[in-house]
Structure formats: structure tokens, C-alpha cells
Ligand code: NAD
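Quick heads-up: it's one chain on its own, the form predicted alone, in C-alpha cells.
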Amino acid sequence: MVDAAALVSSLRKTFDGGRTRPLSFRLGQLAALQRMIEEREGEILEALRVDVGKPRMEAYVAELGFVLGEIAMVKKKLPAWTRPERVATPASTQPARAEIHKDPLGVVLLIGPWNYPFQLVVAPLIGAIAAGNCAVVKPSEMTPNVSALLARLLPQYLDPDVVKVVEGGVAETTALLEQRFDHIFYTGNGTVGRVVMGAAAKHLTPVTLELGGKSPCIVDKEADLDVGVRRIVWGKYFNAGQTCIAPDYVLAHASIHDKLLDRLRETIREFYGDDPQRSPDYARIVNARHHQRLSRLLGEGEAVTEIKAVEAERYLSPVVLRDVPETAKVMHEEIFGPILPVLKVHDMDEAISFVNRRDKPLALYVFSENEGVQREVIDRTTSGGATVNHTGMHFGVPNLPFGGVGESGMGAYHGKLTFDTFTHRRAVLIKPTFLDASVIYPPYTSLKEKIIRMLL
């Protein structure tokens, strides 16, 4: 069992010593992290394959490639981000120079999930390092090979007095959450998110909660089905549906509903063949428990694709369901797997109302060639993020904030926003001594009051 108090104390000692503050140190650590990924690519990809059955292409694009792109951008921009920012000063404080300094928070905790167990730990770590913090990295115990790999590799490439990895499950996470951190970054589900937030509240620690929810996909009667369906199938069945921003369900206009179902079935066959179980491009469910959970969601609605579930291989075929009741369990909990319910709506008002009756989702997708419909859906709904005529692509834009709202989370990151998440914007006013106006000092007179009123 980890001695969480001693571990955090050692990191705080390092931080207080000032080691992480110089720009040169931060850039050096980022370069080392980049080198780790490039040199150990094969080991990382193999760990992802064993733990989650990730196809090599999906693993590289979503895990390694994304992180490498983030590091490259941060290294380029970090000198500008860390410079003090000059701001205007009012007449009442002049002469003076006002600046915003970008201070590191201190010691931060990063708790990662199992679905993208490398990227969703390392991406926040990039921002924590860039901002000059020390960090505890807690990978998911549900992906033990990736967890062990991070525990082995990170101390080899990064300063072990600055970044520490804690493996384990609930007991280890609980021990860490009892400590005082300067920020906690959690990616996972809402149930654990509430536990994290409750623990953080005891120390008034700020949190970023990257959660999930049921991300809707609205398909208008004026959608380009040839392109749109390919993008829906790609976004839904990438990583076997185990993606927080995967389309959770489809709301299809009645006039194209049946055609959409046909296209979905055809495209799944085009992507994964007649037997997706044999496809090298189709991932597996993370473990038997989640496989059983997903199997229990298949009791309502009519399947328009073959359902094949092999628990021993953690395999569940790509499933499309039609005629699913609104009351069905699959419509009330986040699916997080390769099951796609398709519901019929008769107009955009019905679709928008359906979305707005539910918790605010992490992502929302609308497919339409009509710009008025696109704007109407975006303007009349709320979600963490949204993509028009594609799925998941907003995640890959580093200048867009990625995060949830309401039940789907709080806080945002990616690009500069990750740096900002782990940075305190410190107000600094620098006053010279060559002029010391006595107007602000007692005794107060009517003339002083008149002058002050003019300056304010």
C-alpha cells in the first residue's frame, strides 16, 4: 500500500525548492516525454492491445499520435504562455505597472480512465508539467498492462522527484484523495466523480471532472447519408464504442429512418467484414464485467445487425437497434460500448425536445446540409462540445476547449487550456517610490475626496 502522505510531502518539497519553475526544465521534461513515446511506441501499442484489444491504427491515432501533437504544440507555444501579461492600470493606481503572472499551482493529482488509458493520463500530464507543477499519476487498474508500463517508463524519462506514478485500485485512490492537492483532474464516470469532488471539498481543492453521458446524434432529412453514415459508424464503433464522446443514440428524421438503418448495416459490413470478430480493426470490451453489463442492455428493441457476444474473448459485435422504447434501460444509462439505438423523430423540434429533457451531454452531433437546421440545433441545445456533419472531431482541435457541462463534467482542457487549468493567474502590481501621492492618506479632507472621486 502506498504511503500517500509521504509521497505528496516529497513532491511538495520538490515544488517548494523551485525545481519545476524554470522554463528550461519544463521544456526538457516535455522533450523527454516525447522521446519516451517515440522510443517505446511498440511497447505502448502492445500494452493497449492486450488491455483493450485496440487495433494498432486506432491506438496510434487516438493515444500516441494525439499526445505527440499536443507536446509539439505546447513546446512551441510555452515560452509565450509563461511570460507575464501586461494589463492597463487605471488613473487611480498610476504610476504603476500591472501584470498577470502565470504561477504553477503546486502538486496535482491526475486520475485516469481505462478506455484511453494512455492518452487520457498523459495529455493532462503535459499541461501539468508545462505549467511547472509536480504531479501524481494514477492510471486505471482496469488496464493493468498500461498502468504497469507507465509506472516503469515515466520514472525512466521524467524527473522521479517531480512525477510519481501510483498503481492500484480503490484503496490506493482513496488514500490519495485523503491528501491535500492543489488541483485534481479526474476522467471517468459521474459516480466516482462525485466521490472525487467530495474529497476535494475537504481541502477546498479545485477539480476538473471529465465525465460522459449520452451524446445524441441528430440526423436531419436533408443529411448526406452517404457521407454521414460512414462518419457515424466510425465514431460509434471506434474502440468498440468505449469512447466518452461516441454517439450514444441516433435521432433520425422519419423520412430517412429506414434508409439510415440500411446504410448503417451496409457500412458496418464494409468496415469490419461479414464477421467483425475476425476483423483486425475492431476492438474488444475491456473486461468481463463490462461485457456482461452491455449484454444486459440488449433486451429491448429490434436488432438490425447480428448480435454476437463471446464473453471469453470480450467480443461484442457492432449492434444497431431500432424501435427502442424511450423507457428502455439502454436509453437511460451511458452505453459505452458498440450498441447504437436509432429512434424516429418527425421534426427538429421533437429531436431538440428529446435532447433537452435529458442531462446535458458531453458531445452532440447534427447531420444536415441545411445550415439553418445546423444553427437551430446548436443554438437550442447545450452540450460540452458539438460537431456538425461528423462525430468526435471537435476533440482533435487543440484550440477548442474540451470538457463537459452539468452531469457531463466541469472544467475544460486541450492545448493552452490544459496549461491554464494547472496555472494560477496571479495579479501583480508594481509601484515606483519616486511619487507618493498623499491624497489617499488620512486625514481625509473634502479636497482629497473630490480628487479621489475624479480619479475613480
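The numbering used is simple: start at 1 and walk along the sequence shown. Computed from a prediction, not measured in an experiment: that's the story for all the values here.
Not on display, but discussed next: the form predicted in complex with nicotinamide-adenine-dinucleotide.
The shortest heavy atom separation between residue 156 and nicotinamide-adenine-dinucleotide in the model of the complex exceeds 4.5 Å. In the model of the complex, no heavy atom of residue 338 sits within 4.5 Å of nicotinamide-adenine-dinucleotide. Among heavy atoms of residue 248, none comes within 4.5 Å of nicotinamide-adenine-dinucleotide in the model of the complex. Using a 4.5 angstroms limit between non-hydrogen atoms, residue 127 is distant from nicotinamide-adenine-dinucleotide in the model of the complex. Relative to nicotinamide-adenine-dinucleotide in the model of the complex, residues 384, 392 and 399 are all farther than 4.5 Å at every heavy atom. Interface residue among 142, 309, 207, 151 relative to nicotinamide-adenine-dinucleotide in the model of the complex, by the heavy atom within 4.5 Å criterion: 142. The single contact residue among 264, 330, 177, 217, judged by any heavy atom lying within 4.5 Å of nicotinamide-adenine-dinucleotide in the model of the complex, is 177. Note that among 95 to 103, 81 to 89, 311 to 319, 191 to 199, the stretch whose heavy atoms approach nicotinamide-adenine-dinucleotide to within 4.5 Å in the model of the complex is 191 to 199.
Interface residues of 60 to 89, taken as those with a heavy atom within 4.5 Å of nicotinamide-adenine-dinucleotide in the model of the complex (partner not displayed), are absent.
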